[in-house]
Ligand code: SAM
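This document starts with one chain, in the form predicted alone, laid out as structure tokens.
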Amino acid sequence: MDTLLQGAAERLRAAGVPTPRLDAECLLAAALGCNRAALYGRREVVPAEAASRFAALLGRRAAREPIAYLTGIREFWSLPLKVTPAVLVPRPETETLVEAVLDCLRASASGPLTVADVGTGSGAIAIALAVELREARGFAVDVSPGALAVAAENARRFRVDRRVTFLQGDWTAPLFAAGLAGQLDALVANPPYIPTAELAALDPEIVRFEPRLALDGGPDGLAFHRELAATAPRLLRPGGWLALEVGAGQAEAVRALLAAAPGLAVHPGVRDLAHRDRVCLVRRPEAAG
């Protein structure tokens, strides 16, 4: 077993994979239908069928296909979400966005909550919020039918499908069509934020395999932040929050465009565990009186 893993790790290392041993273990566990912990102390010979599956997975990983697509699972907010090439692989830093929204809502909201996640992808944000906010009503929007199918399956898996409605369409348009103008306690998004010219320089796992639609943020990476800043004031109820994830070095520019949007008050942002500005927050002021 260890010899098999060592050889696999060496192959992945030669292919430039940054975590070769870990990935080899994950792929062997997937081929065997067990978790990584079950590999330790295992003495049995790997069955031929599992060895064949492992070899195929190893070849795909050596070609730099993301391991989440190979195993079909990515953990987010301690939830093992299904992922496919139809969706962006959820990142740990996006948990900062979920945490920020929860903090805002728990500190300021009362009564039943209505929350929308725009560009939902795998449904990671919408589902994490629904798991934590048991009385909330959620809406999750994506332009991709394939992404919505994955998100809906994840919602069923974690038994929040009765409280999360999935809408297909371009950004906030489906929310207006659903009659949600002035109804949202929170509008949340991890929009595409990579400048178009920088996409080609991304890691092979990203540029070759993840959906470009979920990555390309236009010439300066902020095209969709502008879209959300423009429409949020009409979707949020008084006291409602807009929370946006931003890329490295973008927070100041995003705060400036949010500050210029009528009807929104900028609040302090939130940093991720790497101490990078990760979340920009604005709020529609409470109604007077």
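Please read all numbers here as calculations on a predicted model, not as lab measurements. Numbering starts at 1 and runs along the sequence shown.
Not pictured, yet referred to below: the form predicted in complex with the named molecule.
Remark: of stretches 82 to 90, 176 to 184, 132 to 140, 156 to 164, the one touching the named molecule in the model of the complex is 82 to 90 (heavy atom within 4.5 Å). Just one of 169, 72, 218, 204 comes within 4.5 Å of the named molecule in the model of the complex, counting any heavy atom, and that one is 169.
The named molecule in the model of the complex comes within 4.5 Å of a heavy atom belonging to residue 213. In the model of the complex, the named molecule sits beyond 4.5 Å of every heavy atom of residue 114. Contact annotation for residue 125: at least one heavy atom lies within 4.5 Å of the named molecule in the model of the complex.
None of the heavy atoms of residue 96 is located within 4.5 Å of the named molecule in the model of the complex. Taking the named molecule as positioned in the model of the complex, none of the residues of 231 to 257 brings a heavy atom within 4.5 Å of it.
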